[in-house]
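In the form predicted alone, a lone chain appears below as structure tokens.
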Amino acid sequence: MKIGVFDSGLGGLVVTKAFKQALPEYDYVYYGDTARLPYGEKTSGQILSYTIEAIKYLIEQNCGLIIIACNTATSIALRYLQQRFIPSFAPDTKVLGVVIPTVEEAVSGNVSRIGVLATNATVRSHIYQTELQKINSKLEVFEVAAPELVPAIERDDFAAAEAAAAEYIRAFDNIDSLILGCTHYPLLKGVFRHLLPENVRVVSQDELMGAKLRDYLRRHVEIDISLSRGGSLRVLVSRLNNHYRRVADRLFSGIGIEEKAL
């Protein structure tokens, strides 16, 4: 069985790289739904439908452990998948998200005011506020939607993305930690760290997910022993263009990228 990674676009490749760096021996299949991004502007029904299609496809590719790298899909679809869909469709498959590991990392240390930058759909779900305050009910959580960032990153317009980031940062007041609640945003983590005071911690998912996956497999030996170890990575997207090829090659030098519309 392989490890599957799903994202609404190419942002999840950043997290996949973190997995490969931490656990290079495993086999991975990445699927990015580039034809229908950004998910953050879609309805909850659309997000759920698209995510189920992608999870079905990764199961067909012999993925026994699937990580939904997309924060939007995690916030809208993960609970339904874990509680309703997977038990009946593929009970031996495990599907995980990125929100809980991010929340666990964000509350480590002395924090009281946490900012969350995410897509419209993720902010609308309030999943970060809910999960953060489950751990510490006294936390003040400030959620800001950043709808301009994913489209700018996906079209390789980092000047526009940086300008938008500067505007979104203005909405946060006196926070001590900022969660980058979208797998595209690590591509701008240096920008956020430059814009924010030095004492504000920026929680970027590419910096924590490798260790989180390693820890998960250590605690779930029954899953770990079922996973193949050939060190391979297969990258698929629902719409392919030269920009996507460049991004994949920049992260994984020489990697091939395939087009597969669902």
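Residues carry their position along the shown sequence, with the first being 1. Only a predicted model underlies this, so the values are computations on that prediction, with no experimental measurement involved.
The next section is about a form of this same protein that is not shown, the form predicted in complex with D-glutamic acid.
Although the partner is absent from this view, residue 37 contacts D-glutamic acid in the predicted bound form, with a non-hydrogen atom inside 4.5 angstroms. At a distance threshold of 4.5 angstroms between non-hydrogen atoms, residue 150 is in contact with D-glutamic acid in the predicted bound form.
When D-glutamic acid is considered in the predicted bound form, residue 102 lies well away from it, no heavy atom lying within 4.5 Å. The chain is drawn here without D-glutamic acid; in the predicted bound form, the stretch among 130-138, 70-78, 187-195, 85-93 whose residues come within 4.5 Å of it by any heavy atom is 70-78.
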